[in-house]
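Okay, so we've got a single protein chain in two different forms coming up as structure tokens, structure 1 first and structure 2 after it.
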Structure 1
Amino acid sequence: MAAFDIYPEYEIVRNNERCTNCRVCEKQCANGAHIFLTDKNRMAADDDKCVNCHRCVAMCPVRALKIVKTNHTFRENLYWTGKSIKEIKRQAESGGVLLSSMGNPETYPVYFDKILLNASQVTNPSIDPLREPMETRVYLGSKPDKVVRDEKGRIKIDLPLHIKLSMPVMLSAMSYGSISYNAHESLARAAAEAGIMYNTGEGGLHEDLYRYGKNTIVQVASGRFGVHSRYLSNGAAIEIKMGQGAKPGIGGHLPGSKIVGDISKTRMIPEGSDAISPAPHHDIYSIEDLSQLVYSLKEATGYTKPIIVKIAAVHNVAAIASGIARSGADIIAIDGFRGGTGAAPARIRDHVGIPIELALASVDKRLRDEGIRNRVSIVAGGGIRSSADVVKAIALGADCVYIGTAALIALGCHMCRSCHTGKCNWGIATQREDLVKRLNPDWGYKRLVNLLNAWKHEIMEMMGGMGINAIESLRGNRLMLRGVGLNEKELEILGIKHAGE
């Protein structure tokens, strides 16, 4: 087969009139897409290596660069698309599983975009968040079924452990290892500044970040990397990761090349050894086993931490969530199929799992039908792109959302979706020291806090428009939603009416 059988997806376009041969692009590109031709004294590009991450475009001092999608195509065919043909060719070449990063990019329906919000007109007033209090504070955790009083008739303050958040958004699990130390530090500091939580993911917690414990969710996943008693006690809550929206049903794999220095120490595995998280937890083959782990973790921390169980949104998610709610968990996190990842087999990412909107609506309904919705909080994640998605998720029934991809974009990610190569030019999904230092946490955390503040303002505006001044009055308030272009079944599952009804 010819060496250039597959034409590159992107072309680097250089304006030679502007280019000064400063070679910044060459230094900035970890993929080696820019080459200086010494003999010709000019820059050239290897489009095959370009991932369209925009690092060179952003750093070029004279705006001489842009990246365009190639207009080179296969003979057009709606069924045999260029993508399918290329993937077959790649696999015929390599004999391997196709790898991919970030969330499912395919053309499945996006229900958030087919749901519209309500606003007050005439019969009740909208509320101006600039003039009236507007409350976005959220408590996550289990609520007692019955108020109990002491012998003097006073209410016993026996509220189970809760997480307190200034707004209904948390930063979802991204492990130290899959992302850089500087990215982790940015997440931790942003969470502390914004009064929310970030999540360690399954890579343990770096010693330097213990001081952000009050804003940390520590994760326990199937590989149990970096889990020890100090780690567990340091977090505000513990999350058991059963599944991930980007790759339901499979585990994780951090190659030995990334297990270096502090990562090896934090994960508590030897340098250079692959960190393989098994597909299931090998001590959880059934729901009763999960309950044992929930209580083991509670025992280990003296019943001082709420326990989150995170699952991927799969077909039977409502029944699974109901089982989890009865297993001692305080919070259930559901991760939809648009959820991101540092690396996943493309077929799994693109074909397994269901949309978070449908999963969330059916879980919320099932827990209510069974009278146990108060026993757990629901966190919805997997593809939350804006404050409007947050508001819609809460009105569908979530207590709070997780954001991962959006947080990384705030830190500088350009969604080139090549995290699995480990050569992130923006210093996020890499462990190469020269690349990591490109992300300055002092600057990164501020941008993330900006994003959170902006969303908070927007959430308050939308709430005020609906005449609601406390976020809990929005939770599960599905009358505030209407569908557009959805069929009867979709509306039924979402539990909303069609626009105009």
Structure 2
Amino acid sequence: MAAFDIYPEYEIVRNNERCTNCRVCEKQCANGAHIFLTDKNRMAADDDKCVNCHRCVAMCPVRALKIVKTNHTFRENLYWTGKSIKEIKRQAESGGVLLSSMGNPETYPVYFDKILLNASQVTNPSIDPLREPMETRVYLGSKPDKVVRDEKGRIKIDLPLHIKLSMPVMLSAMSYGSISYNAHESLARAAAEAGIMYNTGEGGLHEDLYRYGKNTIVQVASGRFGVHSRYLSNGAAIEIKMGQGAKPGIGGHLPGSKIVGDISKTRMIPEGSDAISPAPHHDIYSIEDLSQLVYSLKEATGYTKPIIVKIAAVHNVAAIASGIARSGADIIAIDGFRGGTGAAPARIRDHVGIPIELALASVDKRLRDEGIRNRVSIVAGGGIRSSADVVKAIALGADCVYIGTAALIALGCHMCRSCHTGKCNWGIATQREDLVKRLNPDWGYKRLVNLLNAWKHEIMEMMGGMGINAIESLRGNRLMLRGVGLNEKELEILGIKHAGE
């Protein structure tokens, strides 16, 4: 064996008594893990190429396949783990940065799982959402500090532009190029059907999807790929991407192999050229610079679009958010360290940033303490997995949440973490025509709408159980939360009491 040979992480187990040599698995695997041995008239496997995407398992007509994690192990060492050894070997062979996809998989605390919701009993009766009205609509944007009435006692309505959502969930930024056209169409159609918004990401917007403009947030990132006046005017809102939870402090990179056809046209760069977004915006080095871009975009669109500023959850996030709230932006989006990505250096993804729960709570408190909370809405993202996470995030101070990975799982993603290879067997994170067509938008958007409808019903059930009949009454209502297994400092930052108090 070679000096740096690494045993496969997964093994393909084939039941030869069931296998009929139909070769479906061979056709379905973009990684070439299945091989037909002509001389032996049977199928075989190259486990080194298996990424555990489950495509072959799902498509096998006779259930002859399963993927198992190998039990091969290194000598036990709690410090020098097998993972660490493998990563060193890979870098010793390649001399390159380790790339990975999706969100942070490390064993850091998941604070959502250590927070419980309160429930009503007698003095504050619960509400039955099946029989009583329940308000899940959300309006994102600056709000007045007080109600103003005219001389006849009627409320004066003089609100700035808002984003209207049927429920407190939006589909987060995923660029055309990092994901396929069919995936982008599925997101757009689902957003329109559900009455929410989806985000184009930093790669511009395919012209065929302009018809979903009322449900589209267009993004302006440091590379300015695909940004032009028609693109900006088409969206319902504009998001300035300053940072991303999966890779705070660094830019983006879409390999030239994915810059093909309409992606090249949409991003306005030559085919085959790498799309590299710089780490900073080269015209933004202060809050004043950011404010200039905010107003430039408002000016360019005739002051008809709310402006979102997206930042990564980092240690001084509350101070950053305070500055953004004063910059003229209408909405702040905070992306936690478990946010997904199509490609990122593994070291950055796994070791930079902080949890969205702590960042969100600290930002909401800072803006309230400074008396400017109503100037901006807060959108929280980065690892939202369920309707319970949504409710907890809102009680911690968010107006709504972004979901990305959960949306892709609804479209068929199996979290094999090989997005950066461009060989997604489920037709999501790929530009290969034979793979892209595996995701049917007619099927994909319906599954995503089903997920959103299910979450909406669960959100109403949880609100009803707390005796709350409107999302607005839940926002920042930490009395509805209790911590379990958290230390005093964590409880202080989250602004909640321990269970039993």
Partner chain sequence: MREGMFRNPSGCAISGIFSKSGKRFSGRQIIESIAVMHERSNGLGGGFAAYGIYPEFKDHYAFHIFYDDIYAKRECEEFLEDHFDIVSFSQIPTRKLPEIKDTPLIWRYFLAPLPAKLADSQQDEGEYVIRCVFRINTGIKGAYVFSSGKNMGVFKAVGFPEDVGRFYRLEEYEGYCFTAHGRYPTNTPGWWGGAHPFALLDFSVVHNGEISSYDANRRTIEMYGYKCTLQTDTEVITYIIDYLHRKQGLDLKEICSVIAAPFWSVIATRPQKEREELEYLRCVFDTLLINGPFSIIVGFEGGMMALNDRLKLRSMVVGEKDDMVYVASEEAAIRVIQKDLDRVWSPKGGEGVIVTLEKGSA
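Basically, rigid core = biggest C-alpha set you can superpose within 1.5 Å across the two forms. Quick caveat, the model's predicted, so the values are computed rather than measured. Counting starts at 1 and follows the sequence of structure 1.
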{"item": "Identity of the form predicted together with the partner chain among structures 1 and 2", "value": "1"}
{"item": "Flag for Pro109, CA shift 2 Å or larger between structure 1 and structure 2 after aligning core", "value": "no"}
{"item": "Core-aligned CA displacement of Pro144 at least 2 Å between structure 1 and structure 2", "value": "yes"}
